[in-house]
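Single chain ahead, by itself, as structure tokens, in the form predicted on its own.
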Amino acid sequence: MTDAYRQLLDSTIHHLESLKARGSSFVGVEADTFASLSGPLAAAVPAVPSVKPAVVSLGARPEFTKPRLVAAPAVTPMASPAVSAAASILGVVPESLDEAMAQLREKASGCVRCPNLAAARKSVVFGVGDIRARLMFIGEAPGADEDAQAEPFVGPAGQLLTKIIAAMGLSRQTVYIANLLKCRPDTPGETGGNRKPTLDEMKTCSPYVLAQIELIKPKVIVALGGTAVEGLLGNFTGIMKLRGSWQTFRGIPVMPTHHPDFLLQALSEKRKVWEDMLKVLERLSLPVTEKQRGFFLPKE
């Protein structure tokens, strides 16, 4: 082993150990890099490669061995990052959950990653509820009412969501509610109305909701509407087909269901959404009464 290669090896090990000490579990490395490691050593030390989202474990290492290559996930708007989402925003994540979430909120409040959204917004709509909640609801983006009040789901659709949560025996204070986007999608040239966020906007804003999920560690996520499912899971099958069928996001069960705004226009779908919520209650091992099971069923 040449001195130059040994120096590079020692520096790499030191860097990986430093990342692990700061709480990182994975780093991104190009697949080509692994191929070069398994081949003969080059005469000169190669340049440091650019990082892509292949995943390498930073587990215990008695001696330096070739890292295990894990297949990269399919490309989705929120594909697993190489490092912690919270760490990518906050740097070193505070030990206190309250402090970490407060810092994350502060970072989001000053975000200008989407200049058009930052210029048009009245407020950043971060999230609301219990940061230690077992259940998390995720929608697509704030609307005009949410932008004005700086709180997710407060308009007519939000009021219906609040009633659904109450019917589950819970409250807005005991769950956590957030959106993929923290800013209302702008509507240039229009005085009102809302628009669907683009995939680029969701991808740009994704570190914030990913960090929220990472910090809260919910036992179940409810994805509200097709856009939320697309942005969170990268699944474009359509909400009509996915609704009511369990999905998984980074090991967390996800229940796709209709957005409350859709229910305001299609009252006949309320029972279907309620069936989804019964599944959520059962998944959380929460009691379900006979009265709850009978909600929205035809009366005899």
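Quantities reported herein were computed from a predicted structural model and do not represent experimental measurements. One-based numbering along the sequence shown.
This protein has a second form, the form predicted in complex with a small molecule, left out of what is shown; the following refers to that one.
For the options V124, L210, A141, C205, the residue carrying a heavy atom within 4.5 angstroms of the small molecule in the predicted complex is A141. In the predicted complex, P152 approaches the small molecule with a heavy atom inside 4.5 Å. For the chain shown alone, E146 is a contact residue for the small molecule in the predicted complex, at least one non-hydrogen atom being within 4.5 angstroms. Residues within 4.5 angstroms of the small molecule in the predicted complex, judged by any non-hydrogen atom, belong to 152-160 and to none of the other stretches in 152-160, 128-136, 107-115, 212-220.
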